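Just the one chain here, the form predicted on its own, laid out as structure tokens.
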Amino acid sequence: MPPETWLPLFEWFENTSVGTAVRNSLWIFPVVEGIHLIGLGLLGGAILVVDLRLLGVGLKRQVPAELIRHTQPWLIGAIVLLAVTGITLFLSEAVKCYYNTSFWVKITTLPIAIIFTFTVRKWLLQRLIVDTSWQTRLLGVLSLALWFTVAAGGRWIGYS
């Protein structure tokens, strides 16, 4: 749980014009959430294609670095879309998020997953790895675990 001194900031977030508009509209929240889910699908696809290759499941003829190069624009676009829609959804219920453990799991794991994806995974894959090894499998499992935690945390925000 965050420090109690953060609560006024979350109250301020919720009372912004965007937060109020989303909360008071019948349609804005579900439309933004639908777009957020499309972004989640794009992100999941971009992550899964590479991580499943690292695990040795599918696309075995593809060099992982090539897959990263081809999926990178989709990944970046998905992250931007998720950030814009996620912030919009957050502003409409910031105080609820403040008290929600699932929100804190998601918001803590998200930067770790992003940093991992754009640094560690990319660094290892640029070593022109062609065959699956214990290292590529470990990398795939770690990436999937991080992104699954982000997604699960986000999904459970609505249920807790």
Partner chain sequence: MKGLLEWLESTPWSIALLESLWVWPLVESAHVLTLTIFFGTVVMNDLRLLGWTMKSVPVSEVTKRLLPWTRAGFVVMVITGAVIFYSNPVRYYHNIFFRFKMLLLIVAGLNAFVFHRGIHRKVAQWGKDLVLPREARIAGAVSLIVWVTIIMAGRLIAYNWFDCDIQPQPGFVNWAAGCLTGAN
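In this text the structure is predicted, and so the values were computed from the model without any measurement. Numbering follows the first chain given and starts at 1.
Missing here is the form predicted in complex with the partner chain; even so, the following discussion is about that form.
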Listed range touching the partner chain, judged in the predicted bound form by heavy atoms within 4.5 Å, from 33-41, 91-99, 131-139, 106-114:
33-41
Look up in the predicted bound form whether residue 122 has a non-hydrogen atom within 4.5 angstroms of the partner chain, and give yes or no.
no
Any chance residue 151 has a heavy atom within 4.5 Å of the partner chain in the predicted bound form?
yes
Is residue 71 one of the residues lying within 4.5 Å of the partner chain in the predicted bound form, judged by heavy atom distances?
yes
Contact test in the predicted bound form: residue 65 vs the partner chain, heavy atoms, 4.5 Å:
no
In the predicted bound form: members of 40-67 within 4.5 Å of the partner chain, any heavy atom:
40, 41, 42, 44, 45, 46, 48, 49, 52, 57, 58, 59, 60, 61, 62, 66, 67
